[in-house]
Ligand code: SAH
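This document opens with one chain alone, in structure tokens, the form predicted on its own.
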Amino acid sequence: MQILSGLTLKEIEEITDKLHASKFRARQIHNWIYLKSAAKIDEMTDLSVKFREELKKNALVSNVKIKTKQESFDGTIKYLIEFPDGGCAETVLMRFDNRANLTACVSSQIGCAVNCSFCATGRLGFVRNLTYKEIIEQVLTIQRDTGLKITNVVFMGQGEPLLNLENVLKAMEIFNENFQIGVRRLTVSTSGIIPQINKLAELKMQSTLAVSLHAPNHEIRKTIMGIENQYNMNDLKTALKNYTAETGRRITVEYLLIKDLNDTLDCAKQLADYIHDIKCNVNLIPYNPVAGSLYQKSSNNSVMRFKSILEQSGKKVTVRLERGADIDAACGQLGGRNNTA
């Protein structure tokens, strides 16, 4: 049985050809999947009943299911999606009252091998990569369930996207060409996998690259992010400068603020010095509590002081608006477990 979700128009045409239907029928099916978010073939009402019955003998729209769904008071929705092999991953719909954008935060892996100390996903260990179709299914699941059209996709869910680069790039291509989401509305986040950053530079990637730095120096970073022992900040800086030179794109430096660890004024000054010659913006992220962690969130005053020092260096600095913390859907909180079990 062919699964329609994740197929390109050309691949759908191969199905309609076998059914002796026109390419126009393939275009209709394609639109129902990606633009109208149909969950079942019977919803494709501009196809004849006879053709729908033939199509149902050969294809399904999707073979994933929502295992749990949680809604936050702020409108954020977190889904635990189950794939046919029983594996599960979380995806999050984020919306903001004063913005038209609807953002899907998607996972690229089940579990994660990077194991940052502040992140719930890392505690799961690495299970497997998601296929590009499984990545796409996350956005389709949101659209089918809510009836809303996603406008932005960020690869900031479970897993390290650059350790599953082939599937991530294929998913991005489909988001752009099939969902009609502009390339600059796609963001890939990484903990700093240097060879793959260099690969993206070679590809002249025009989507946004976000780098999870989270520390102003090697000593602090290696205590919270083991990846620093493999790809250190000095080498990472070289890769980032090469990336901006090759792509012409400004990167986003993500910095998680943890009380009394990396949120001091001295840390802010060190960070400003590190990024001063990198073409970048900075996104400060107040720490979100994770069960079993001893880390604490920085005070609002500490966050604002940190922001001010960075702004004095001439960089654009924003503080990420917390979304979905009450349902463990905020940055670093995705554990990929069935919370109702």
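Sequential numbering from 1, following the sequence displayed. Note that the structure is predicted; figures quoted are calculated from it, not measured.
One more form of this protein should be noted, the form predicted in complex with this ligand, which is absent from this view; the next part is about it.
Do Glu90 and this ligand come within 4.5 Å of each other in the predicted complex, heavy atoms counted?
Contact with this ligand, no.
Would Ala215 sit within 4.5 Å of this ligand in the predicted complex, counting heavy atoms only?
Ala215: no, not in contact with this ligand in the predicted complex.
Given that the partner is absent here, does Tyr287 sit within 4.5 Å of this ligand in the predicted complex, heavy atoms only?
The answer is yes: Tyr287 has a heavy atom within 4.5 Å of this ligand.
Using heavy atoms and a 4.5 Å limit, would one call Ser189 a contact residue for this ligand in the predicted complex?
Yes.
Of Met156, Ile150, Ile197, Ile251, which one comes within 4.5 Å of this ligand in the predicted complex, counting heavy atoms only?
Spelling it out, the residue with a heavy atom inside the cut-off is Met156.
Just to confirm, with a 4.5 Å cut-off on non-hydrogen atoms, which of Cys119, Leu209, Ala268, Val139 contacts this ligand in the predicted complex?
Only one option qualifies, and that one is Cys119.
Taking 4.5 angstroms as the heavy atom distance cut-off, pick the stretch from 253-261, 228-236, 74-82, 130-138 that is near this ligand in the predicted complex.
Among the listed stretches, the partner-contacting one is 253-261.
Scan 159-176 and write down, in order along the chain, each residue with a heavy atom lying within 4.5 Å of this ligand in the predicted complex.
Counting only heavy atoms within 4.5 Å of this ligand in the predicted complex, the contacting residues of 159-176 are Gly159, Glu160, Pro161.
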